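To begin, one chain is listed below as structure tokens, in the form predicted on its own.
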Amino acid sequence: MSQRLIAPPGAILALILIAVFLMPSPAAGQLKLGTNALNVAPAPSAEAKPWAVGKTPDEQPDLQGYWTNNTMTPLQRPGGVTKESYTKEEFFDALKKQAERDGEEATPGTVEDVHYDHSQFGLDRTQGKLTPNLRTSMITDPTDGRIPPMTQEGKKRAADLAAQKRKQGAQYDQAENLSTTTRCIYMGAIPMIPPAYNNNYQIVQGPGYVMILVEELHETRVIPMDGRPHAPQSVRSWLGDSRGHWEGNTLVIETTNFNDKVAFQGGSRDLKLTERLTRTGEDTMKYEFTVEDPHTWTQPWKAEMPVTKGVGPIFEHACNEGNYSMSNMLAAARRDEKKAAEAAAKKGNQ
């Protein structure tokens, strides 16, 4: 995990307040970048020098450094929300409510009290560096901010998978029924959508390659930039097979060859992901991605989000609970079943 701000909820809220009101206002006549109303840079002035992306020793646009996309903006637009962006006041109100929820304490002795409480460990999104984003969804296309409808093929595959899971039994009937996230196997490194915590990345460039370290589960993406073809279709992996190239100052990464278990948003193994990373300022970057999967959705869909400079180094996120606690979780489930059976038998004898 990277360095994080650990402070009482009141202090966190105060910092959020400061951050929000120090943000430049689009109404002030400043340069708007992308579709994020708050992701703006000061308009060039006579005193300010125009910003230009730096170059690496091999003359490539320099994206290197520590970055974070920590945000409160969801992938899909929430139900009942019809507009593309919130006002600054609505954005602040949402942050305030989130900070208040984070400050609530669970009742001692309950499941909620012993389960993960991110704020206790400085992992809550409001405790890290927040990337301002007024959009109501990351998805920009379709314009309703929602993932497009599934094809009949996609619906059938989802139904078959649900039937298979029902056949396998309840979540704690066997280790294989727990998610790959719970089992610390895979937590969705591609596309780089911010998870609940650990929203940091490190980019390192070298001749012929770009490396992106994803903090969550310390996944490392090594992306060839030399124009080589994709691996054969028979070669599949959790992170897929990525190839990169430059379009001007934009890093374009095309990834295919996912395995059957990734299933991003219910997608198939033939999903094609195209990511675009463009540096927009000394401390800002724009991240876009396009999902193409005719086996799952009726049309391709796109999303984007702002990224800001983070703080390094990134410490290794080691997920061990799902491995070493597996026997405890399954044993606890068997014990609960035994207690329920004994209680039922006792009630039947009364």
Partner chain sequence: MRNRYRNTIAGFAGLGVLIALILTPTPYHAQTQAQPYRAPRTKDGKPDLNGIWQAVNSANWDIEGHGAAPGPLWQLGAEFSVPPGLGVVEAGPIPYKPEALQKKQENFADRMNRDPEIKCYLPGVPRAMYMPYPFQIITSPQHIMMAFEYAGAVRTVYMNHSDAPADSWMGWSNGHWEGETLVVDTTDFNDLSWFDRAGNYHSDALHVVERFTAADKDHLNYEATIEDPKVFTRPWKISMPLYRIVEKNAQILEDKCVEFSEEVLYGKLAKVPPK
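Residue numbers count along the first chain shown, from 1. From a predicted model like this one, the values you see are computed outputs, not experimental measurements.
The protein also exists as the form predicted together with the partner chain; that form is not presented, and the subsequent description refers to it.
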(request) State yes or no: in the model of the complex, is some non-hydrogen atom of Ser85 no more than 4.5 angstroms from a non-hydrogen atom of the partner chain? (result) no
(message) Using a 4.5 angstroms cut-off on non-hydrogen atoms, would Tyr66 count as touching the partner chain in the model of the complex?
(response) yes
(request) May I ask you to state whether Phe264 is within 4.5 Å of the partner chain in the model of the complex, using heavy atom distances? (result) no
(request) Answer for Leu239 alone: is it within 4.5 Å of the partner chain in the model of the complex, judged on heavy atom distances? (result) yes
(message) Please identify the residue among Ala196, Ala94, Ala158, Ala231 with any heavy atom within 4.5 Å of the partner chain in the model of the complex.
(response) Ala231
(request) Name the residue from Asp260, Glu176, Glu89, Glu247 that puts a heavy atom within 4.5 Å of the partner chain in the model of the complex. (result) Glu176
(message) Looking at 248-256, 158-166, 231-239, 133-141, which stretch has residues with any non-hydrogen atom within 4.5 Å of the partner chain in the model of the complex?
(response) 231-239
(request) State yes only if every one of Pro74, Thr278 and Glu288 has a non-hydrogen atom within 4.5 Å of the partner chain in the model of the complex; otherwise state no. (result) no
(message) If you apply a 4.5 angstroms heavy atom cut-off, which residues in 195-211 are near the partner chain in the model of the complex?
(response) Gln202, Val204, Gln205, Gly206, Pro207, Tyr209, Met211
